[in-house]
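What follows is one chain in structure tokens, specifically the form predicted on its own.
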Amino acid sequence: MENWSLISLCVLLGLTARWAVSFHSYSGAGKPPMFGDYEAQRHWQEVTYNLPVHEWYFNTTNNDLNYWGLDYPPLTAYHSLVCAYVAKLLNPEWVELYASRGYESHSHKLFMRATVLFTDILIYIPAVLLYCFYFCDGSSKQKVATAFCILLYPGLILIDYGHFQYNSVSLGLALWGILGLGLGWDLFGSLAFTLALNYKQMELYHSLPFFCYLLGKCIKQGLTWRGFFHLVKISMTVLVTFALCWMPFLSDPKQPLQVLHRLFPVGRGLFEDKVANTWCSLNVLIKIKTLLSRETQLFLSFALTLLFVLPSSLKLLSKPTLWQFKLALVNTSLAFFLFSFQVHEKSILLVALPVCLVFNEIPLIATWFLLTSTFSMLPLLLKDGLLLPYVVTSLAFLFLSLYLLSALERSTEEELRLGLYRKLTQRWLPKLNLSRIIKWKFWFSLAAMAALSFTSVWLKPPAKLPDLFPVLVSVLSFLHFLGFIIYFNQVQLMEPQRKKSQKKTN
């Protein structure tokens, strides 16, 4: 009974935090003619409700693709259509063709926020709770504490309930996929992840670990008989799910090609805005977009991404365990964020999800990363008028992570998995306290992020450098992420898995 009370309190506080953030501004509020992501989501409801399916992704007289044209997979379009039917019942003006462009009102904002909350309750929150109770070690209270901290991750709350998007849908479906694989329900896990991929194409960040884990598991079972048939069943599950999601677009060959063209707009360039990845940071010193051709940029991003995902993928392929799977998800998604083509600042949420999954094992590093990922989106959050919720949610998350999960106390060299670093320093610096160094770096990092957040708000940049503070935020975050990808790779590649992480769940 006590456990249920704690779970209920955990969920209630998580929902309260989400709804409190939703009272603040959203992307593009009162900023015609394009407004922002809030208007994009509303416009997709307008398009899917009023136009036939074959026009959704095409530029027509009724569908101007230059005005927030659909550029997400079919499952997002279907979700928009369902929301549109509800909107039509509540107020037809919300989805009226043409006339509803830029529609803003308190009641409509309440409706849009409620749609995000509903999908969170339906998909994301149950997946988080089940993951923590099935796969996190420790007492029931510790499992609830881990779930609570994951639900209060400020990055996802600020983007979905402040800026306005439905990231909890794709991330929740991906987490259901991870749950399925962890429980040995490979077909269910494959189905859930395929749905995630058909909701947002950025779930490709997670696709390679899913593929390597399942293939490695089939190889372990033997590809001559049992493993081969298991692989066939997984392949059929994926193909059938894709076929059902894309069925309305398969009658004409031009339809799926146009959808793919909208999903992967290579013409937008190597990066947009001030994203904390390699290319944007390097562009401060070398104008990559100007000096290199589009083909060269594509090749470089592909080559570096492949270089950084290969070791992690091969290790997972040879050792398909849940612990290796989670680390591979972190390393692969972070490699995609740092080195791939056409990355948005919000894509860091795809890395944050698997980092949340190692919260129980490496609480200090996970807390550090999740705070950094939220900080990396600071320019976007300030643009949307979300300074107050950014500060409050970040401080609350920091306090609760350190207090509930004892992150600072659970930071010995063994718990931080610093075996490789100890081997490298043992000969020349045998008395070096690596744990203390990590703690000092953690606090210094937080101080630097707090100082830059303060200066971004209160100081005016030089007239010749109007983007000075967003660039500094981007570069500082990039340096952190570079350190994290080195750390997580050494944990996966060099450190043996602990026995307690190999716990089987019946």
Partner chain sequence: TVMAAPVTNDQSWFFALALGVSFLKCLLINAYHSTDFEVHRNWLALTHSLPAAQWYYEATSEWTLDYPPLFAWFEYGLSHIARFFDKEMLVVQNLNYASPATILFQRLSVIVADVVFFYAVKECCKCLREDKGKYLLGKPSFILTVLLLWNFGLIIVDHIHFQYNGFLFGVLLLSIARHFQNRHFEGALLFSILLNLKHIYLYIAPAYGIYLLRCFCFTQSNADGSLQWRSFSVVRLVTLGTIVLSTFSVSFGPFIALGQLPQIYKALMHIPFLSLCLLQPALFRIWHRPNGARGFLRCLVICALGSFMFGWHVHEKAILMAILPLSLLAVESREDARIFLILSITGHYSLFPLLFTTQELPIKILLLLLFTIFSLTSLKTLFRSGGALLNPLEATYLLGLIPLELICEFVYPLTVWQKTFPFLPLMLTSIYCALGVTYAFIRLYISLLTCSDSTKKIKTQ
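Note that the coordinates shown come from a computational prediction; the quantities given were computed from them, not determined experimentally. Numbering follows the first chain given and starts at 1.
The same protein has a further form, the form predicted in complex with the partner chain, not shown here; the description that follows concerns it.
Among residues of the shown chain, Q142 is one whose heavy atoms approach the partner chain to within 4.5 Å in the predicted complex. In the predicted complex, P389 approaches the partner chain with a heavy atom inside 4.5 Å. In the predicted complex, no heavy atom of K431 sits within 4.5 Å of the partner chain. Within this chain, R427 is remote from the site of the partner chain in the predicted complex, having no heavy atom within 4.5 Å. The partner is absent here, but in the predicted complex a heavy atom of S406, alone among S406, T412, S318, S105, sits within 4.5 Å of the partner chain.
Of the residues L122, L291, L110, V266, just one reaches the partner chain in the predicted complex with a heavy atom at 4.5 Å or closer; this is L110.
Segments offered: 170-178, 255-263, 398-406, 193-201. Contacting the partner chain in the predicted complex at heavy atom distances within 4.5 Å is 398-406. Contact here is defined as any heavy atom lying within 4.5 Å of the partner chain in the predicted complex, and by that definition each of S5, L12 and A20 is a contact residue. In the predicted complex, no residue of 427-449 lies within 4.5 Å of the partner chain by any heavy atom.
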